[in-house]
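Next up is one chain by itself, shown in structure tokens, the form predicted on its own.
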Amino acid sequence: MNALGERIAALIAAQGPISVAQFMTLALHDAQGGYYATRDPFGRGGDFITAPEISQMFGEMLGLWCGQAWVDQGCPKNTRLVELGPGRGTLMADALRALKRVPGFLDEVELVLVEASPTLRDIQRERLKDSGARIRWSAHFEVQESPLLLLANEFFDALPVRQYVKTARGWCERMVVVKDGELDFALAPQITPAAAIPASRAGAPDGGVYETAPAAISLMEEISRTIASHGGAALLIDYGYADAGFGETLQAVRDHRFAPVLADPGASDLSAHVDFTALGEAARHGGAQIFGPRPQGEFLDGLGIGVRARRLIQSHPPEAESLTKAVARLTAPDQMGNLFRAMAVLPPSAPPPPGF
């Protein structure tokens, strides 16, 4: 057991079993040993590769999507462009390069990067130092009375989830305990109140798992209330599902391979598939309307990523093969095209945004 694991074990010994959500929070964000707090996990040298690292076209498409939403709503002043979990700043660097083509955008819009990791903040600062944008950083999403443009690519999947398992005696929350000197899973002895489990899960078989992400739902409501009241748009892209099932999706990834979830906390990325149905309900509860979720491949095709690729190939013929492969990786159904989905949140009266 590593140092963070030992501290988690000591916490459990002192206060009792902890929820899966609390374990995820410690494993990902502990200041001394948390995964995101202590390393740069992105790219080929990290544990996984995200869409912005595959091709500049991804960030360009998303940047122009925000620019179009801003223009469609009358180019409002005091608008914030917020990115949740900006990684290495790659997506935003590409987005801002494209947004220079939108007259007045960079003059009127403040860029806010929501990033808790000091390591990643330093990387983002270096990457964006010549972007020409007014940039500030925040450790969390801030509710303000101003128009909001928001991007969240592979952000909601890393928010902590709670897990409940159907048993013969009812639903019991899955907890993290210490067993034989190692971290392990166990079920809480008490039955979870029926009101905490959606009616849609009533037919779950014994052993079925209900996963929920309270932090994600709360955040989505805050974002949606801002957009519904003050204008703007949010675009979420993540891997997930639109039809709830009864299986667990929590996973750990290390060195581009799956790893045991509880082994060596802080050494692996933890994530869970995003429940787009739950996020959509939260957005509507916040007063906004949603579009999607739509498969990432269809969404990017609708934005014209194929046209952009052909223009880049004309300008850089030696890169034709790599550009073609990048488009395929982002849009092909057997690669990222179907696994990842895009969902947009807009004010109630807004027309369908590009790509939907």
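So that there is no doubt, residue numbering starts at 1 and follows the sequence shown. What you see is a predicted model; the values in this text were computed from it and never measured.
One more form of this protein, predicted in complex with S-adenosyl-L-homocysteine (SAH), exists but is not displayed; see below.
Query raised in the report: Where does S-adenosyl-L-homocysteine (SAH) sit in the predicted bound form: which of 251-259, 206-214, 114-122, 128-136, heavy atoms within 4.5 Å?
Result: The contacting stretch is 114-122.
Worksheet item: Taking 4.5 angstroms as the cut-off for heavy atoms, does Ser271 touch S-adenosyl-L-homocysteine (SAH) in the predicted bound form?
Response: Looking in the predicted bound form, residue contacts with S-adenosyl-L-homocysteine (SAH) do not include Ser271, since no heavy atom lies within 4.5 Å.
| Is the gap between Pro293 and S-adenosyl-L-homocysteine (SAH) in the predicted bound form 4.5 Å or less for some heavy atom pair? | Flag for Pro293 set to no.
Close approach of Thr226 to S-adenosyl-L-homocysteine (SAH) in the predicted bound form, 4.5 Å, heavy atom: Outside the cut-off, so no.
Exercise. May I ask you to state whether Arg308 is within 4.5 Å of S-adenosyl-L-homocysteine (SAH) in the predicted bound form, using heavy atom distances?
Key: Result no; Arg308 lies far from S-adenosyl-L-homocysteine (SAH) in the predicted bound form.
Exercise for the section: Have a look at Leu150, Ala95, Leu159, Leu279 for me and say which one sits with a heavy atom within 4.5 Å of S-adenosyl-L-homocysteine (SAH) in the predicted bound form. Expected result: Spelling it out, the residue with a heavy atom inside the cut-off is Leu159.
Can you pick out, from Gln68, Gln289, Thr50, Gln56, the residue that has a heavy atom within 4.5 Å of S-adenosyl-L-homocysteine (SAH) in the predicted bound form?
Checking each option against S-adenosyl-L-homocysteine (SAH) in the predicted bound form, the one that comes within 4.5 Å is Thr50.
Which residues, if any, of 7-36 lie within 4.5 Å of S-adenosyl-L-homocysteine (SAH) in the predicted bound form when only heavy atoms count? The stretch touches the partner through His29, Tyr36.
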